[in-house]
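Just one chain follows, in the form predicted on its own, and it is written as structure tokens.
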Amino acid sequence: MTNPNQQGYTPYHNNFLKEVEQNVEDGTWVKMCMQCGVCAGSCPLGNAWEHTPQKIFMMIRAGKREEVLKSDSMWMCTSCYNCIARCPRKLPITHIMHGLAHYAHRLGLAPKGQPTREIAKLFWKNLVKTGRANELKFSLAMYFKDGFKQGIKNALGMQKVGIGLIKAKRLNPMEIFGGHKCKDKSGFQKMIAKAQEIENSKKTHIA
């Protein structure tokens, strides 16, 4: 048995579970996981996860804060909802995964260069300007995110797909000049500003 008076001994305190419960969407459900592994077996990207959902939940309960928040696991979720549909306890696993990813991003701990995270940031930047996604500009941003030279290669490589989308009227070349906008752009921008204000207050609370 470990001697508490032994030099270098650190008492076990798991405050991370409480932190997740207070700051992550549906985080209060984490302690309900019974480690059956159905979520991992149901996930189409199960073999690509660094840590499967039930392992993430176990790590949270074990207080492994840095390992969880710096992991790219939460960013692998594609929102297929197979895990929620098949979970014996109906845990909102998808919501928790996205909540953890968002919380890690807020804290500045999310892994840099993680592909799905970069896509999410590009999509948000595209959407927030007008309240509507501009598919053409988003596609171009994706092609050129690694530089002009690589962007040209990416665009040429997707040339046939792009032409096919234009012919099927699923992509409008005129969107380069602006594209669709929400009816109340001013109201949308105010809503985003208020959401950012709330987000900033959360960061201050965390600090």
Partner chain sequence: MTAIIATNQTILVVGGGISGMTAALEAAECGKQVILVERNSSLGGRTALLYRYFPKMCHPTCGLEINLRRLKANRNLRILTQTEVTSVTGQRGDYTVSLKISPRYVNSNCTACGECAKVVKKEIPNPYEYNLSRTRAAYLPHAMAYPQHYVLDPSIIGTPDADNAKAACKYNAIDLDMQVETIELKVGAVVWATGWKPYEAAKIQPYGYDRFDNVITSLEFERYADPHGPTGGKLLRPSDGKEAKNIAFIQCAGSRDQNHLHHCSRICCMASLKQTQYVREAYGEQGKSTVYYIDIRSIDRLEDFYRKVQQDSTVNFVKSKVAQIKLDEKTGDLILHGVDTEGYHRYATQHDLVVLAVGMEPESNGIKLPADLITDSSGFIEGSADLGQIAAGAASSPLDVNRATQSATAAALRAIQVVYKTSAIEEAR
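Numbering follows the first chain given and starts at 1. Bear in mind that the values here come from a model prediction, so they are computed numbers and not experimental data.
Heads up, the form predicted together with the partner chain isn't pictured, but that's what we're talking about next.
Peer 1: Looking at 176-184, 134-142, 37-45, 158-166, which lies within 4.5 angstroms of the partner chain in the predicted bound form, counting heavy atoms?
Peer 2: Of the stretches listed, the one contacting the partner is 37-45.
Peer 1: Quick check on this chain: which one of I119, A85, L107, V128 has a heavy atom within 4.5 Å of the partner chain in the predicted bound form?
Peer 2: The residue in contact is A85.
Peer 1: Counting heavy atoms only and using a 4.5 Å cut-off, do H51, Q54 and R89 all touch the partner chain in the predicted bound form?
Peer 2: Contact check passed for all of H51, Q54 and R89.
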